[in-house]
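Just the one chain here, laid out as C-alpha cells, in the form predicted on its own.
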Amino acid sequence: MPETLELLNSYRCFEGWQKQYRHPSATLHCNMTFSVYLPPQTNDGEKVPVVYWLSGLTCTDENFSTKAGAQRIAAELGLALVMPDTSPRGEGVPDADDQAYDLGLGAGFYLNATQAPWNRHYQMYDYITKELSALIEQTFPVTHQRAISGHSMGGHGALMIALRNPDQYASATAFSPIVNPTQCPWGENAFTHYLGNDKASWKIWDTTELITAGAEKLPVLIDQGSEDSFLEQQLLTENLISVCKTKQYSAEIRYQKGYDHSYYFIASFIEEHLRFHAHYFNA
C-alpha cells in the first residue's frame, strides 16, 4: 500500500470490504478521494476485474456506494467497484463564480480542460484513464480487465472514455447519460469554460460525435428513464439513437417506462449492468 494512500473508512459488506481512500493526485494537483468495493474473492488475494463508476453532477465518490446497492451483486460476480470523485477539490481549486452546480466543483465532466483557470486542476480524463487506474492496479488485488459505467454526467464520461479507449475497457454502460453534451445547456456551459469557444475541439469529448466520426465498436448498454425531467433538454438520447442507426453501431439503448433520473432508477437496474460487464469479462 503506498504511503501516500490514506484509508478514511472501511466497512465489511457482503463478506467483502467497502473502503474509502484519499491520495495526493499529481494529475489534478490536489488531494482526491475515491471509494472501492473489494468482493470476498479478494480476501485471500485472488485478483478480480474492475468496474469503474463515474457519478453525476454534484455527486462525490459516496453517492453510488451508499445508494445503488451494487455491492451484493458485485460480491456474487467477483467484481471490484471503483468510484472516484466527480472533480478536483480543495483550497485553490477554482469553482463557478456563482456556485452553479453544473460548473466547477462536482462538475468535472471527465475531460481535460485547456482554458485558465481550469486547466491546472480539471484534468479528470487523464486522472481516470491513467493515474487512478494505475494506482488501483498497483495497490489492490485486481486484474487489468476494466469496464466502465456511470450516471448522467458520469454516463457521458463512461461512454466517452470507453469509446476513446476501446482497448482498455471490455464494455461500457450508462444510466441517463448526457450523450450529446456539445448540443445541450449543461455541456455548452461547461465546455465553453473548460475548452474555450472553438466548438470543433469539443467533439472528442462527446459520445454522439465520437460515434459519428467512426468510433470502434464495443459492447454498450444504456438505460434511460421515460419520466426523466432532463431527457428532452439535457440528455438528448434520441440524438444518439439516430447516429447509432446511421453508423450501424449496435449499442443497446433502452427506455425504462416510468423511471426518472434518481438513484431509485439506478438501484433498479444496476444488477443487469454488472451482469452485462461480467459477461464481457468472461467472453
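Each residue number is its position in the shown sequence, starting from 1. Note that this is a predicted model, so its numbers are computed, not measured.
The protein also exists as the form predicted together with another copy of the chain; that form is not presented, and the subsequent description refers to it.
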(message) Please determine whether each residue of 15, 258 and 267 possesses a non-hydrogen atom within 4.5 angstroms of another copy of the chain in the predicted bound form.
(response) yes
(message) Going by heavy atom distances of 4.5 angstroms or less, which of 130, 72, 144, 203 would be at the interface with another copy of the chain in the predicted bound form?
(response) 72
(request) May I ask you to choose, among 250, 58, 233, 66, the residue with a heavy atom within 4.5 Å of another copy of the chain in the predicted bound form? (result) 66
(request) Counting only non-hydrogen atoms, choose the one of 210 to 218, 234 to 242, 48 to 56, 250 to 258 that falls within 4.5 Å of another copy of the chain in the predicted bound form. (result) 250 to 258
